[in-house]
Every structure is written in structure tokens, then in C-alpha cells.
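Single chain ahead, by itself, as C-alpha cells, in the form predicted alone.
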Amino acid sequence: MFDTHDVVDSRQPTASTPEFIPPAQSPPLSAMEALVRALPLQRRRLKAKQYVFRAGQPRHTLHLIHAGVFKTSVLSEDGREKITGFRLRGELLGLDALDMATYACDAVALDVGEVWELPCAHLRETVPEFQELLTAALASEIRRDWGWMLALGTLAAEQRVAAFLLDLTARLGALGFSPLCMTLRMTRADVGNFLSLQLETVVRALSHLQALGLIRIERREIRIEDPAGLAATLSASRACH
């Protein structure tokens, strides 16, 4: 339902890391990756803090995330940044500008990553299934935005942080990582920006969730100790934040 220096570690886990889950086979490609993987696409490798594109830059392609974690954000009229999401493998960057000549937001890598450039006009003509998958991606993006709009409007501060952790571990679990353990590489301030909370509020919420035994924090690593208990906080009486 919901839609990471601290961001989620996007490097593939290995058998020597505690968060690794040996898959029965290689992690499955997303439907979009599977469709376009054999095409001669431009593949870009990026370093942490390197921009995929900036708002206002001419838009020529969409970008499919193949590896890494990316942050999208927009600027208010007075220059303040608002983070709109943290994007993982299999997701598309630039969807919000499909009907525009320029990109509508900034997209920056939060770790070493790779994106595949998708020339939409060409793919629509040559790959019949592309339009259906593009429509599905747009619908998924809308539902995700609705989910977070509801969360930010109805959940107290600590519940927002819990929802963020549950969502992130679920998404990482679908990519072959542990659904209980994650390494953050985003700052707590970034988390707060996304959740419309002050940095101090995020820090207090994380500390309280740890004191309750629901999570364990070791520097940038967070482990979900009690998934059911953490999920239960979302249905608790909702207080004003």
C-alpha cells in the first residue's frame, strides 16, 4: 500500500550477510524488465548522489530501475524540497512527466545503481505489450500515492514511521532481501521529509518503537523484531501528531 547519508542498501545480498535469503532461483525480473531485457537499451550506471534527471530537463525517455535505490523530489516555490518517494528495482522513474516535454521532479541515486532508458514512442510501436505494462505502472503509482496520502492524513507520527518500515521491508522482501532486516542509507531527515515529520519526531518514534521491543536499531541497520506488533500499531487509537 505504501511506498529509502542513511537509504536502503540496494546491493544484492550474499550468503555471508544476515539479511540474505537463498532464493530457489535468481530473483525474478519485474514484468517490465523481462519484456525489455533483450532490447538494445541504453543502460546507465550511477553513483550515490548522482542525478538521473532534474526537474525541467527535457524528457526523452522513462528510466527503469534495474539496481539501486532512488529518491524522487520536487521543489516548492520558495525552494524547499519535498520527497515524493523512494524507488526500488523494477519501478519506473519519470512516469509523472509522460505528457510533458520536461521532467516534473528530480530523481537521484541513493546508492550505486543502474537504470535502463526506455524510449516510450519507439517501444509503443515495436513492443505491443509495452503499453499495457506502462498503464499498469501508472495505476500502481496512483494507488501508492493514495495510500500515503491516507496515511499522512490519518496516522499519528509513530504510526507513520511504523508504516514506512513495514512497507519498505515488504518491498525489499519481494526483491529477495529479508522481510525483517534492512540497512538504511537515507537520513532520518529524509524519512521525516517524506512522512511530513520533523527529524526529532522521527528519531523519537524510532527510539520508542525500539523501547517497545518492536524493532532493533544498530546504527543504520533496522531489524523488525515483532512484525505483528509493529503492524498492530497502525490500528491503535490514532492520536494527533
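No experiment lies behind these values; they were computed from the predicted model shown. Numbering starts at 1 and follows the sequence shown.
Below: the form predicted in complex with a further copy of the same chain, not depicted.
Heavy atoms of no residue among Asp167, Ala170 and Leu209 are located within 4.5 Å of a further copy of the same chain in the predicted bound form.
Taking the partner from the other structure, a further copy of the same chain in the predicted bound form has no heavy atom within 4.5 Å of any heavy atom of Pro128.
Using a 4.5 Å cutoff between non-hydrogen atoms, Arg89 does not count as a contact of a further copy of the same chain in the predicted bound form. Using a 4.5 Å cutoff between non-hydrogen atoms, Val112 does not count as a contact of a further copy of the same chain in the predicted bound form. Residue contact with a further copy of the same chain in the predicted bound form: Ala157 places no heavy atom within 4.5 Å of it. In the predicted bound form, Leu98, Asp99, Met100, Ala104, Cys105 are the residues of 98-121 with at least one heavy atom within 4.5 Å of a further copy of the same chain, listed from first to last.
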